[in-house]
Structure formats: structure tokens, C-alpha cells
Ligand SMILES: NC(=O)c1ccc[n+]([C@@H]2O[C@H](COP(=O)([O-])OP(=O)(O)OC[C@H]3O[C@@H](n4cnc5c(N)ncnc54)[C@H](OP(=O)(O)O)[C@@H]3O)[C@@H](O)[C@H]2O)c1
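Next up: a single chain in C-alpha cells, the form predicted on its own.
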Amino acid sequence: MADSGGMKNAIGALVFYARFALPFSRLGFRRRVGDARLDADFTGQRWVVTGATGGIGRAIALGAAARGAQVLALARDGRKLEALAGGALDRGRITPVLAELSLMQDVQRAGAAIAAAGPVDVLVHNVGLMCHEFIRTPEGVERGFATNLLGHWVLDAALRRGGALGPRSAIISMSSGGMYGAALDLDALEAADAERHNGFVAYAQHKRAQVALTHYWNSLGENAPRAWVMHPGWVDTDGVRSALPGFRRFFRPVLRTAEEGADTALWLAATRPRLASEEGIWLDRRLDAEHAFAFTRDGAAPEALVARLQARAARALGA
């Protein structure tokens, strides 16, 4: 049985990589975007970017600030936040916000403080990590689920509750191409214990859930902010180096830069395109299908996901 399961996983991985290696690589970016410049002016806008001290998040924060935005950069490492703020072309356009994004109390506190200071034009749910080791936060939540999904829900709720997100606000969620291999399974979002935890499976579920959550946010009516979900392709980040060393060794020559991974997020914020349909995930400034395989359509509904997040957030916050 174990050999059979391993063979199925190997075949599945082969099919996945054969299907996506070209479009998700740097070659795919150059084919679809090429040297197209992004002439955007974000002057006067207030941005919130999570996971802003490294990789794609750092590139988004710097790209927005360089185009005039005031960026509130959320991360847990104070030194990296200060280095980010000091590295902006126009110093003062990036404001460090120290927050442990796996702790819902910290996320809610940061969101309330941001909302109290004024409206948010663009919220980028960028933070994400793949946790191979099963770790529970002090609030009792599996760390990957807390960081990759539950914290997004809590931050969004805090900003809405404080009146910072309105119909002119944009929400951009950073998913991953890994979601193409998963149908949304609510019970797989957070393992009950280490024995049942699989970092690859959980990460794919979190990223699929971001797509479903975007559908929910866009169902809230004309007076709610608009939401887009994207994925950056395969980017050479610290997270890939630590969580997927074998993948990186094999694909390193064609992995994207952080700036290439960030491009679509900045483009979405600048253009705010209409959705061509109720479904879709953005890659390289284009709306792609969000399902590549038929089985991924058989997942839980967005409303069921929201109910799970509401209940889990309430427990973590002690409500």
C-alpha cells in the first residue's frame, strides 16, 4: 500500500510539473509580460502589506512606495522592517508595523490600530509559509494555518470593523500555483496533531482557500471592497530555499525574481480590472482558470470556509 501511494504521488507530481513548468517559470513571465513597464501613480494611497520584509512582499512594498504610496509594512522582525524602511527610494514612505502574523491577538491589534489612523486603499495579503513541522501557536492554532489563512481573515475583519476598507479599497491575496492540485477540504486546513500533519498538503489547501475566500469577499455587494487573488509563479524566495530545497536545485535556472513575482500585484492595484467571470486567478496580468483538473471543483463552498474561519478565529481570540 505504501509503495502504491508513493507511486501515485510521484505520478501526480510529474503531471503537475509537466503542466505548469513553462508558464510558472521566468520564461513564462517573459512570454506574457516581457519588458512591459508599469506606469502607475499611487500617490496619496495608503497600503497595507503583510510579510513585507522579504521576497515578494518586500518587492511589493518597495514597488508601491516608489510609485508614491504610503506603505504600512507588517512583519515580525523589527530589524528587517527598519532595513526595509531605510531601503525605500523615498524614505518615510514605508512605515514599519511590528506584528507576529501567526498570533491572532497581534493581528487584530495591528488591524485596529491601522484602521483607527485612517482608510486603507490597498490591502495585500502576502504573508505565507510552508510548515513541514507541526507547531501550535500559543493560541492553539497550527502555525501554517494561522499565518497563511486565519490571520488574513482576522486582519481583514479588523480593518472592516474599523471602517478602513470601503468600496474603493482593493484586496489582493497572494495564492500559489500549488492550489491547482487541491480541492478545498476544510478538515485538511489544520491537522489535529503532528501525525496527521503534511506541510505540502496543508499549504496547497491554504492557497486554495484564498481563492474561495476571494469569491466570498466579492459576493458582499457594491459597498464592499473588491478583491482579487493571484499567484506569482515560481519565485526564488527564502521560503522556497528553506521549504523546497530539492525543487529549487532542479528549477533554479528558471525561477523568477521577487520583482517578477510582485509585478501582477502592483498591476492589479493600478488597473483594478473587472473579473471576466465569477472564477479566475491572476498570473502575469492575465486572468487564468482557477481549476486545471476537474477534481478540484469538488471542494467546500466559500460560505462553509467562512463559517470555519469565524469559529476558529473566535476560539483563538478567546471570544
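This one's a predicted model, so the numbers in the text were calculated from it and none came from an experiment. Position 1 is the first residue in the sequence shown; the rest follow in order.
The same protein also exists as the form predicted together with the ligand; that form is not shown, yet it is the one meant from here on.
- Within 4.5 Å of the ligand in the predicted bound form, a heavy atom is found for none of L186, Q205 and E303.
- Checked against the ligand in the predicted bound form, the candidates L150, M174, L123, V71 yield a single residue with a heavy atom inside 4.5 Å, and that residue is M174.
- Checking V229, M104, L165, A99 for any heavy atom within 4.5 Å of the ligand in the predicted bound form turns up a single hit: A99.
- Contact with the ligand, judged by heavy atoms within 4.5 Å in the predicted bound form, is confined among 217-225, 236-244, 187-195, 157-165 to 236-244.
- Residue contact check for E82: none of its heavy atoms lie within 4.5 Å of the ligand in the predicted bound form.
- In the predicted bound form, A182 stays away from the ligand, with no heavy atom inside 4.5 Å.
- Taking the partner from elsewhere, T264 is found to have every heavy atom lying beyond 4.5 Å of the ligand in the predicted bound form.
- Among residues of the shown chain, R248 is not one whose heavy atoms approach the ligand to within 4.5 Å in the predicted bound form.
- In sequence order, A75, R76, D77, K80 are the residues of 66-84 having a heavy atom within 4.5 Å of the ligand in the predicted bound form; the partner itself is omitted from this view.
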